[in-house]
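Single chain ahead, written as structure tokens, the form predicted on its own.
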């Protein structure tokens, strides 16, 4: 029907027709797939949700005399330093080892982690750096302390090993005590349910076989421009799928990269899950070029056409029992029924902000500020999911 080069030409002339994925779903109901496919050039998707398998690469620049950093803390949060002399990797879920320099202590300090430090740097706030070096003939300095901002360091970019789960689970607790999980608190006796994926507006559910999204795809990442770098960790495209090709549980994932100095604190926020740890709320938007009618067919999928498994966290095993599948339409109603009991449901993803990301990306494309890229390689769709043998040796801490 059209090529990415033809679409980019229209974008540069500010003549491209761009609709958010929700607009496309509504117009398919009004005029059908064929007419929509003839009109629209690009469809924008978005999500704003916790993405804990995220982190930042930082290069702080060389000191005088030079230091070869082998231990480092940013606002009390350990950063990995086992590669270049002044290269660091700060993980979003790494928790603080000690109170930060401004005197914050107690519970507030314990709730601070790598996601908060990353968000503070993106917001332009100062961050305390404390480093211990390995003294060598070319790196003679033993320690270093300073305050950094995003403008006083060299590289500062997000490199996230696993973002954009194509689908995920619904967490519940069938036990008799409260549980504190990566989905937040789960109340006993099926007191509540939590889900994290925004459903029909989520990027990968609208390109279920990753025919449009590949390595090198340009995206909206944290309010700046990012790219798909690789398949994500725990990428499992062989998950069982419905006839509409959408998976019934966790499936494809992507590794993402982008310049954090371009990002906006509105779309990157540190967060903390009680008695679990820190994470990073991250906004991601993905444009889908309308190269054929099939693209519109997939983007017409609605919340009632998508399902997720209800998983009981009270069983402390890798494979937990489920209470079956539930549609995203049911989840977004705020109530689901489990074994005859009505259970309250809440999302971790912000549906409102997910819509705002799709709308902002639409504006970028319409005004010629964002063009599309051809993937340089496809994401593999034949990956199985490997786990460690459950009979592995357990190490005693006594």
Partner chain sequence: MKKRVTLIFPKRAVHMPVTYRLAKDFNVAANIIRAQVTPNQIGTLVVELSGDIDQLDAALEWMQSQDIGISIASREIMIDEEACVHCGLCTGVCPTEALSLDPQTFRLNFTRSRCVVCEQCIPTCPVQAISTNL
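Residue numbers count along the first chain shown, from 1. The structure presented is a predicted model; accordingly, all values stated were derived computationally and were not measured.
There is also a form predicted in complex with its partner chain; it is not shown, and the following applies to it.
Colleague: So which of 127, 288, 194, 308 gets a non-hydrogen atom within 4.5 Å of its partner chain in the predicted bound form?
Modeller: It is 194 that has a heavy atom within 4.5 Å of the partner.
Colleague: Given that its partner chain is left out here, which of 28, 372, 67, 348 has a heavy atom within 4.5 Å of it in the predicted bound form?
Modeller: Looking at the other structure, the residue within range turns out to be 348.
Colleague: Counting only non-hydrogen atoms, choose the one of 54 to 62, 332 to 340, 34 to 42, 362 to 370 that falls within 4.5 Å of its partner chain in the predicted bound form.
Modeller: The contacting stretch is 332 to 340.
Colleague: Report yes if any heavy atom of residue 87 sits within 4.5 Å of a heavy atom of its partner chain in the predicted bound form; otherwise report no.
Modeller: Contact check for residue 87: no, nothing within 4.5 Å of its partner chain in the predicted bound form.
Colleague: Would you please decide whether residue 317 lies within 4.5 angstroms of its partner chain in the predicted bound form, comparing each non-hydrogen atom pair?
Modeller: Residue-level check for residue 317: no, no contact with its partner chain.
Colleague: Report whether the minimum heavy atom distance between residue 183 and its partner chain in the predicted bound form is within 4.5 Å.
Modeller: Output for residue 183 is yes: heavy atoms within 4.5 Å of its partner chain.
Colleague: Even though the partner isn't displayed, in the predicted bound form is residue 272 close enough to its partner chain, meaning a heavy atom within 4.5 Å?
Modeller: Flag for residue 272 set to yes.
Colleague: Report whether all of 162, 225 and 227 sit within 4.5 Å of its partner chain in the predicted bound form, measuring from non-hydrogen atoms.
Modeller: No.
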